[in-house]
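Shown below, as structure tokens, is a lone chain in the form predicted on its own; questions about how it binds or moves come after it.
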């Protein structure tokens, strides 16, 4: 199976995300970045599928040159090739992102499977996979939490021909049988992504990446401003020091019904 996994460079989880002074965008100067959890599961699933059925995994990302860090992380997980669509530092909307993904796929071999995260960890639009699949005339299904390939034994020269995809709904489980080629957007929980090994990281660090320059036109989505939600988390309250804190601790335990 020839699989392309589209990943996105997003702020590291748990980080305080600062905004620019005018509130128009995220201030990324001191942020750490990672791969979104849905997309990390997509990379893991692609590696598992090619291990079982043969083929290769190509990871593709859209963004600045610094996004090569996320490509190399995916390579360290077991992907075979990386493609960076360099769009500079401008934040793209889903329409422009899909255009850039299509530009990155232009000179690539036709994949059997396009994998996306169900939604990016930062914007959460959930549109790019659908837009890319529509442009390429592929069937697409999202929200997938189970994925199996049906087909021949790679040792006998036969790869997978169908995918069995499932997703949870309030009324049960929906199951889809998809002919290849197809596009699928997966959710966190599909699998447990592996942690890259040291040899894998060293190999990924030296890997050559294919870079495609692209300046897509702006889509129809407009950002009017960003704001930080109010931090209503309760702060820690010091009950005292040493033995002086004992009565206050007993009062708290009594209030909780523990004593």
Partner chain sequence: MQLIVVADAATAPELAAVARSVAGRDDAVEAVTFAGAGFPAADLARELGGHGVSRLHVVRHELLGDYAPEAWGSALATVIDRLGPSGVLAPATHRGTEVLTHAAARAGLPLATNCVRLAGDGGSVDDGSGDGGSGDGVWRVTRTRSGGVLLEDAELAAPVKLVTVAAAVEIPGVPVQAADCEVVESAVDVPPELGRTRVAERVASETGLSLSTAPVVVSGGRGVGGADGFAVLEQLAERLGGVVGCSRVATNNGWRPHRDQVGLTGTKIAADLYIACGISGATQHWVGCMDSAVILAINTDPEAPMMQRATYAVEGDVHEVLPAVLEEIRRRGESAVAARADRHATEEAAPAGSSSAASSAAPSAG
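Residue numbers count along the first chain shown, from 1. Note that the structure is a prediction, hence the values are computed from the model and not measured.
The next section is about a form of this same protein that is not shown, the form predicted in complex with the partner chain.
*Give a yes/no on whether residue 88 approaches the partner chain to within 4.5 Å in the model of the complex, heavy atoms considered.*
It does not: once the partner chain is placed as it appears in the model of the complex, residue 88 has no heavy atom within 4.5 Å of it.
*asked:* With the partner left out here, check for me: in the model of the complex, does some heavy atom of residue 189 sit within 4.5 Å of the partner chain?
replied: Result yes; residue 189 sits at the interface with the partner chain in the model of the complex.
*Applying a 4.5 Å heavy atom distance criterion, does residue 130 contact the partner chain in the model of the complex?*
Contact check for residue 130: yes, within 4.5 Å of the partner chain in the model of the complex.
*Even though the partner chain is not shown here, does residue 80 get within 4.5 Å of it in the model of the complex, heavy atoms only?*
Residue 80: no, not in contact with the partner chain in the model of the complex.
_Counting any heavy atom within 4.5 Å as contact, can you tell me which stretch out of 33 to 41, 197 to 205, 63 to 71, 47 to 55 lines the partner chain in the model of the complex?_
Heavy atoms within 4.5 Å of the partner chain in the model of the complex occur in 33 to 41.
*Are there residues in 171 to 192 with a heavy atom within 4.5 Å of the partner chain in the model of the complex, and which are they, in order?*
Residues within 4.5 Å: 171, 172, 173, 174, 175, 176, 177, 178, 179, 188, 189, 192.
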